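A single chain comes next, written as structure tokens; it is the form predicted on its own.
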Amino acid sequence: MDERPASPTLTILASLAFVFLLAPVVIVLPLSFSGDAFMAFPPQSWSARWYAAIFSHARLIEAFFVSLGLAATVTALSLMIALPATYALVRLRPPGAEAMFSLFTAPLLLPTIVLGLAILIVFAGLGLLGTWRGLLLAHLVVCTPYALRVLATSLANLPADVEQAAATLGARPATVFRRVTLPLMLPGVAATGALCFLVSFDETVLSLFMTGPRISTLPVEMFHHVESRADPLVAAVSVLLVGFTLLVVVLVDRSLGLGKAFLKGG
């Protein structure tokens, strides 16, 4: 595969985009070490008091574990649903496969607030608002299309000749998938799992429609905290979340290689 050097214009535009995306972190990081009672930039004094305050904030800790368990469950279920669906649509190619794929990934095209309002209307009649099951189903609606999209790309880039060779040697379809296809897709599966986990863990708008007094996620709890207070506590939580996100991505990349998930085979 030939690699052409990037043009100076593209390099400059990409650098500006990275600076734009990372600029909020440059502001949030100093704010998280502020010793002031209110958010002000630059901080007038320095302290780690707000990091210590996180662990004494019972609502935030409870919401963190809710988000962690929810994201892990949504990731597992999204993979369980998307893996067989992707294989059927990409490899078996039933009639109307493209239409079905477009239908299943349609939630990616909708603004989150529109999707959240639609789910709110449907779930209100089913008694699922403010419940774990309701949050789980709502997050599955968002995360499963991501899983389908990434896994479809990963599977489409795998050489089908290897699977065909295993089949001609007498391996059953289930054995071909388990012993040949799935190991080759492992980087893509890992990338999908990381993406679904982070999307679910960070989902705010949809969760605002679904949470209630009995259950709340970390992003929703942070949103409510900002509504009532203007202290740097949320900045400290945000820095920890950025570090947590980087840790997940780096671990997946170092163990399996995220780039392998999207490289064409052959």
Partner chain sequence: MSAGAPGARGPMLAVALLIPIFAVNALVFFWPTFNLFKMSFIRGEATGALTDETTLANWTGLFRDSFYSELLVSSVTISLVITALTLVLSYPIALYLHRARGLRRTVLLVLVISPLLTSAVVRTYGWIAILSDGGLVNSLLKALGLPAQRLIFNTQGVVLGLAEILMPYMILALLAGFGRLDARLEEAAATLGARPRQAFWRVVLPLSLPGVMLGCLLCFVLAVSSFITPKLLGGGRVFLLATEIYDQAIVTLNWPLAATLSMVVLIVFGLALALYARAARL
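Just so it is clear, the structure is predicted and the values come from calculations on it, not from any experiment. Residue numbers count along the first chain shown, from 1. The term rigid core refers to the most C-alpha atoms you can superpose between the two forms while keeping them within 1.5 Å.
Another form, the form predicted together with the partner chain, is not on view; read the next lines as being about it.
Student: Let me test this: is every residue among 31, 41 and 137 within 4.5 Å of the partner chain in the model of the complex, going by heavy atom positions?
Tutor: Checking in the model of the complex: 31, 41 and 137 are all within 4.5 Å of the partner chain.
Student: Any of the heavy atoms of residue 66 lying within 4.5 Å of the partner chain in the model of the complex?
Tutor: Result no; residue 66 lies far from the partner chain in the model of the complex.
Student: Are any of the heavy atoms in residue 47 no more than 4.5 Å from a heavy atom of the partner chain in the model of the complex?
Tutor: Flag for residue 47 set to no.
Student: Taking 4.5 angstroms as the cut-off for heavy atoms, does residue 208 touch the partner chain in the model of the complex?
Tutor: Result yes; residue 208 sits at the interface with the partner chain in the model of the complex.
Student: Does the 4.5 Å heavy atom contact test between residue 27 and the partner chain in the model of the complex come out positive?
Tutor: The answer is yes: residue 27 has a heavy atom within 4.5 Å of the partner chain.
Student: Find the only residue in 156, 72, 79, 117 having a heavy atom within 4.5 Å of the partner chain in the model of the complex.
Tutor: Partner contact (heavy atom, 4.5 Å) among the options: 117.
Student: With the partner chain left out of view, which of 61, 226, 53, 215 would have a heavy atom within 4.5 Å of it in the model of the complex?
Tutor: Comparing distances to the partner chain in the model of the complex, the residue within 4.5 Å is 226.
Student: Sequence order please: the residues of 60-97 with a heavy atom within 4.5 Å of the partner chain in the model of the complex.
Tutor: Contacting residues: 81, 84, 85, 87, 88, 89, 91, 92, 94.
Student: Would the C-alpha of residue 16 be classed as shifted by 2 Å or more between this form and the one not shown after rigid-core alignment?
Tutor: Residue 16 C-alpha, core-superposed: shift of 2 Å or more.
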